[in-house]
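Shown below, as structure tokens, is a lone chain in the form predicted alone; questions about how it binds or moves come after it.
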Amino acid sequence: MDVDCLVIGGGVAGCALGWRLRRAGMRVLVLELRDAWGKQKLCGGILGVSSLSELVASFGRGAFGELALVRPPHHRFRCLGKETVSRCTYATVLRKRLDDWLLARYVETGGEVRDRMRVLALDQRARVVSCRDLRTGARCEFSYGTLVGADGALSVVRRLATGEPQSAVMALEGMVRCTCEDIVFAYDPKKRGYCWYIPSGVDANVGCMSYGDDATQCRAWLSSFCEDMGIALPVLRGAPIPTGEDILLRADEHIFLAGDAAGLASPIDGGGIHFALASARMLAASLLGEDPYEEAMQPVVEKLADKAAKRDEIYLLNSLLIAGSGKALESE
């Protein structure tokens, strides 16, 4: 099969990109390792001002109602038994709802998705991707004009195209019944990371991300946080989150990376939805003849690099400000 743009990964970045390119008349195919409609990515689902602006610019304000966004009233920051509270400027959404909604927008344009496709090999010279259909066991090949890796923090496209994986930190997270309407972040001066509680309706996402700690240490910290919140520790699973320290937007002349696959995540809070939407928009514009992708994304890359350089300092400062009853630094 020969397509103008072959997108690996049917998440936020992949479907948002496919939607834009299909509307411009390009032949697009999205390949997904799992069941595109059935997959469940946990994710906190926080939508900051930048994410909301991206949604409005692309889909209009009607997207907010269709996605059933939740507006938490407060943002609580905790450290060493102290807490500061501020008015929350974020919205939240179940990640599966967002993924399914974007997938539906892409499919409505006539975009095609093939589920359960495992990428096996990449011939960059011939511009051919070899895959195995996990449902039938058949091997198939796809020719492309442009290949886009939108397949997450453990991107196969990135590894095959460069020979190197990107740096990522493993977070632990799970779902609980919502018992608090506020977003809660907890810090510790001795740790480079945080625990979180993010409500999204009847459910909430809880998790822990910590640079340098192993899964056992993260689990212990998260268990203590859940006890403090008055909730039981849920069934947990690991989730790779880019560190934001080795961003790569282009692997060769015809291979691009978007969202988590490009390493586009905040080194401070792991946030990536805004960067997935923004990179999809800028890459689509570039492929349709506007500003080069890397040039358009340069301000974003520079901002993330600056955060990465100051990451440990910001974690410590946040902890000390909260413990001293000061005001926490807003990550956005």
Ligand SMILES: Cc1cc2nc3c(=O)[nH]c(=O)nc-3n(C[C@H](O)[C@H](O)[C@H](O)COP(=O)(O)OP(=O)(O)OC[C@H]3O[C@@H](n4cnc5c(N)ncnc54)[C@H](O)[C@@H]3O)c2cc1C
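Because the structure is predicted, anything quoted here is derived from the model rather than measured. In case it trips you up, residue 1 is the first one in the sequence shown, and so on.
The following text describes the form predicted in complex with the ligand, which does not appear among the structures shown.
With the partner omitted here, the residue from V28, L55, L31, L283 that has a non-hydrogen atom within 4.5 angstroms of the ligand in the model of the complex is L31. The ligand is not shown here, but in the model of the complex it comes within 4.5 Å of a heavy atom of P240.
Put simply, L287 is far from the ligand in the model of the complex: not one heavy atom of it is within 4.5 Å.
The ligand is not drawn, but in the model of the complex it has a heavy atom within 4.5 Å of G45.
Shown alone here, V184 lies farther than 4.5 Å from the ligand in the model of the complex, counting heavy atoms only. You can rule out all but one of 225 to 233, 71 to 79, 211 to 219, 170 to 178: in the model of the complex, only 170 to 178 has residues with a heavy atom within 4.5 Å of the ligand. Annotated contacts: I8, W196 and A276 all touch the ligand in the model of the complex [non-hydrogen atom within 4.5 angstroms]. In the model of the complex, R95 is the single residue of 87 to 103 with at least one heavy atom within 4.5 Å of the ligand.
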